[in-house]
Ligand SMILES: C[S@@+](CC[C@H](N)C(=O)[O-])C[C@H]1O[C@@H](n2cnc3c(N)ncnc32)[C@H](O)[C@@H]1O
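Take a look at this single chain in structure tokens; it is the form predicted alone.
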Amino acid sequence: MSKRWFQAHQRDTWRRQARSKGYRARSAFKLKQIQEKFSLIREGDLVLDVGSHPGGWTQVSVEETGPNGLVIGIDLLASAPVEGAQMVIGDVTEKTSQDTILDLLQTGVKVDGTSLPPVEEGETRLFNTIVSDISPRLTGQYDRDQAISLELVAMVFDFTLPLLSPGGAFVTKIFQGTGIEGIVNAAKQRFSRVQRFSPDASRNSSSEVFLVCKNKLPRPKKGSRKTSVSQELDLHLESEGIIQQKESESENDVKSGFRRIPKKE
């Protein structure tokens, strides 16, 4: 850790504000600023926070949904309990974690032991909003890291969109760079409004931007109804020359975020 970075970290006004207001991370203000501009979360909403550690976005989601909502956070890393939220430790792309989320969603059991009103027979309870501030473990190789980041976002899309109600909203972090249009174009096939937004709380040195998607369509537009976001992204990355083909997993892979990446040689 460089002395310059440490000094800048200590002077970080967002970090100081987060600490003074009881938020676990400065990133909480990113979601607050996104919410202020786009009003993604409403009173009583059901919200899924993917990559929730250490819990800053989960805290903001609980504030916005109020006592009548339901917030579920999931991450590979354990977080201290967030008052008013159900926290799940696991990989959102794995069946055991998905089953846990589905069970919490369908039963509507809140952390205080109370439950949401039951759904009508034949109906399925779905999330109103999905938020994700997830980042992968990076390798230091720019093109590869960009592809890893985009693929991670695509996987989150594919595993969570079936749980998002029509008309619902989705916001995720992505990084500016080659291949980003692959994710943006795939999102436009599934939402009526897709916009990139940079909160003031993002660090000046960061290339991060948030993809804000509103009004999920009842089904993807024609041409994307038989493909996943991951498949559409891979085709785009291949056309950009970033990847040659989809890499298969092997026993030499290591877990990073919600996907596997080969070990550095």
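Numbers follow the displayed sequence, beginning with 1. As the structure is a computational prediction, the values presented were derived from the model and not from experiment.
Note that the form predicted together with the ligand isn't included here; everything after this is about it.
The stretch in contact with the ligand in the predicted complex, judged by heavy atoms within 4.5 Å, is 91-99, chosen from 91-99, 186-194, 159-167, 117-125.
Proximity to the ligand in the predicted complex holds for all of S27, G56 and L77, with the criterion being a heavy atom within 4.5 Å.
Though the partner is left out of this view, G51 does reach within 4.5 Å of the ligand in the predicted complex, counting heavy atoms only. Residue contact with the ligand in the predicted complex: T139 places no heavy atom within 4.5 Å of it.
In the predicted complex, the ligand stays beyond 4.5 Å of every heavy atom belonging to Q86. Contact check for L152: a heavy atom falls within 4.5 Å of the ligand in the predicted complex. Between the ligand and the residues I72, I180, V171, I134, the one pair within 4.5 Å by heavy atoms in the predicted complex involves I134.
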